[in-house]
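Before any questions on how it binds or moves, here is one chain, the form predicted on its own, in structure tokens.
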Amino acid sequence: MLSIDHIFQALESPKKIFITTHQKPDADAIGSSLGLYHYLKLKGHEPTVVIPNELPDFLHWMPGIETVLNFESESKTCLGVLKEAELIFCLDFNHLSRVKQLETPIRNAVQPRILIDHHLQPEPEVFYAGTSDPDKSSTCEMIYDFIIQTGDKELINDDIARCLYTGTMTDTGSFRFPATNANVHEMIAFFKSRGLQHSRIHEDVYDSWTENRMRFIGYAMYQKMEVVHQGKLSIIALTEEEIKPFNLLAGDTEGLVNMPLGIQSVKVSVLLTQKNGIIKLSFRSKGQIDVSTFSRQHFNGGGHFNAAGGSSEESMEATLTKLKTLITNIIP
């Protein structure tokens, strides 16, 4: 994979550009994709954002969201856009398997693939050029860096700033995680100097819950949270049958795994949710506890040092037994 500056010359003339991100896109995935979309539009390109499946309900306010295509429900249109594209941008994922049904079409595409991502262990051999930096707070921060590198900082308008702020805000836990370094605060200061109204974004993301989601969170925390291993480990395990009555929307479990970390003694929090027979695991940790390596070694996953995900095709009971047997080995 060549460095990202190898595509700058290609971007000097108008191009049709395909932008995609990982399955079950979160705020960083959508924010970085739309931030890049708005920038490329200003430069005279024809970008299209294609996501593998539906996006969370709390992100429907984002500028440009009405232009986003959903491969799960619009596959024919999306494949047509991919065929006509001259460049493919892959944002916020390190491996093509993360785009699920889009993996084969993108892997078989002959156009140059460009990676911009901050996860560990990328798949560099499939990308023509790009940048992968796990020390970055978010892919949104990396899109900001990309725009700076091209010399177009002054093109950053309110639409771009709102998109990039959203993903950075959520991926840093509202700027509390260690990756929130001076560069992040300088970026936010620049957005504010351009007129960004940040409080409205916080309201749109965090104050837009449905009643069902609030009741579900209460149920999960009161009825399902288990705190073990001398109070250092929290586990919330939710079967399909337990989740179904709440009629959850896409993204309604977002943030749940972080909540037990508010308990002073808890060092690791794990959320297990079951859907269509597959169990998804989300891991969060404090300090120097590496949940990314743990997830990769035992649950076909990966991610960041303190925030990772994985999956299991075993039963909930078998998955919990395996989890509890192994995870205490990484908690001091």
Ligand code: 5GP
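Note that residue numbering begins at 1 and tracks the sequence as displayed. For clarity, every value in this text was computed on a predicted model and none was experimentally measured.
Heads up, the form predicted in complex with the ligand isn't pictured, but that's what we're talking about next.
The three marked residues, H119, K280 and N300, each reach the ligand in the predicted bound form, with a heavy atom inside 4.5 Å. Taking a 4.5 Å heavy atom cutoff to the ligand in the predicted bound form, the contact residue among R98, R113, R213, K232 is R98. Contact between H304 and the ligand in the predicted bound form is found at the 4.5 Å heavy atom cutoff. Looking at I19, you'd find every heavy atom of it more than 4.5 angstroms from the ligand in the predicted bound form. Residue contact with the ligand in the predicted bound form: A308 places a heavy atom within 4.5 Å of it. Figure note: of the listed segments 50-58, 36-44, 259-267, 280-288, the one touching the ligand in the predicted bound form, with heavy atoms no more than 4.5 Å away, is 280-288.
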